[in-house]
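The chain below stands alone and is given in structure tokens; this is the form predicted on its own.
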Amino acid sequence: MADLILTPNIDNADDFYADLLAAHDGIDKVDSDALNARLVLVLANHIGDNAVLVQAINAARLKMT
């Protein structure tokens, strides 16, 4: 089992963020939420390790409190 990486690990993170924001340009909240949900599922499939995905869920939930 791999561990979830929580330290910065994205090459050109600012470019990725700009691309992510651009993907949401011109769409309403419902479509934006659906895009985010599809993106999560695509990335989860790419990761493919349920233990890492559970770590990611738990890390994201911690950020909500």
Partner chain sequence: MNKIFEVPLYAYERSPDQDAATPVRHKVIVIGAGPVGLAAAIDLAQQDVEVLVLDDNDKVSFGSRAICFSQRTLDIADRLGCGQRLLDKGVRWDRGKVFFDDRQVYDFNLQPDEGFANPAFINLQQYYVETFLMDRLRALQAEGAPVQIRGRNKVEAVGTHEDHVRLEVETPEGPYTVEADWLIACDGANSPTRRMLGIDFDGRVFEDNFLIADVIMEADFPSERWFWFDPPFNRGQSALLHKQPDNVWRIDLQLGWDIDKEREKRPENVIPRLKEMLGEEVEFQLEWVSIYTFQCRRMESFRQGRAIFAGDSAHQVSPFGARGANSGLQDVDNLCWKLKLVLDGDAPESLLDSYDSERIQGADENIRKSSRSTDFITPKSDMSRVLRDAVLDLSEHFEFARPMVNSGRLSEPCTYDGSSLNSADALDGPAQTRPGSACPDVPLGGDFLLPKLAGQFTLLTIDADAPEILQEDGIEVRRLALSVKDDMTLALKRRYLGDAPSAVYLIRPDQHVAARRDTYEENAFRHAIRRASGKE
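For clarity, every value in this text was computed on a predicted model and none was experimentally measured. Residue numbers count along the first chain shown, from 1.
What comes next is about the form predicted together with the partner chain, which is not displayed.
- A residue is said to contact a partner when one of its heavy atoms sits within 4.5 Å of a partner heavy atom; Leu53 fails this definition for the partner chain in the predicted bound form, lying far away.
- Not displayed here, the partner chain is kept clear of Val42 by more than 4.5 Å at the level of heavy atoms in the predicted bound form.
- By the criterion of a heavy atom within 4.5 Å, Leu20 is counted among the residues contacting the partner chain in the predicted bound form.
- Proximity of Lys29 to the partner chain in the predicted bound form: non-hydrogen atoms within 4.5 Å are present.
- Although the partner chain is not shown here, in the predicted bound form the stretch 2-30 places heavy atoms of Leu6, Thr7, Pro8, Ile10, Ala13, Asp14, Asp15, Phe16, Tyr17, Ala18, Leu20, Leu21, His24, Asp25, Lys29 within 4.5 Å of it, in sequence order.
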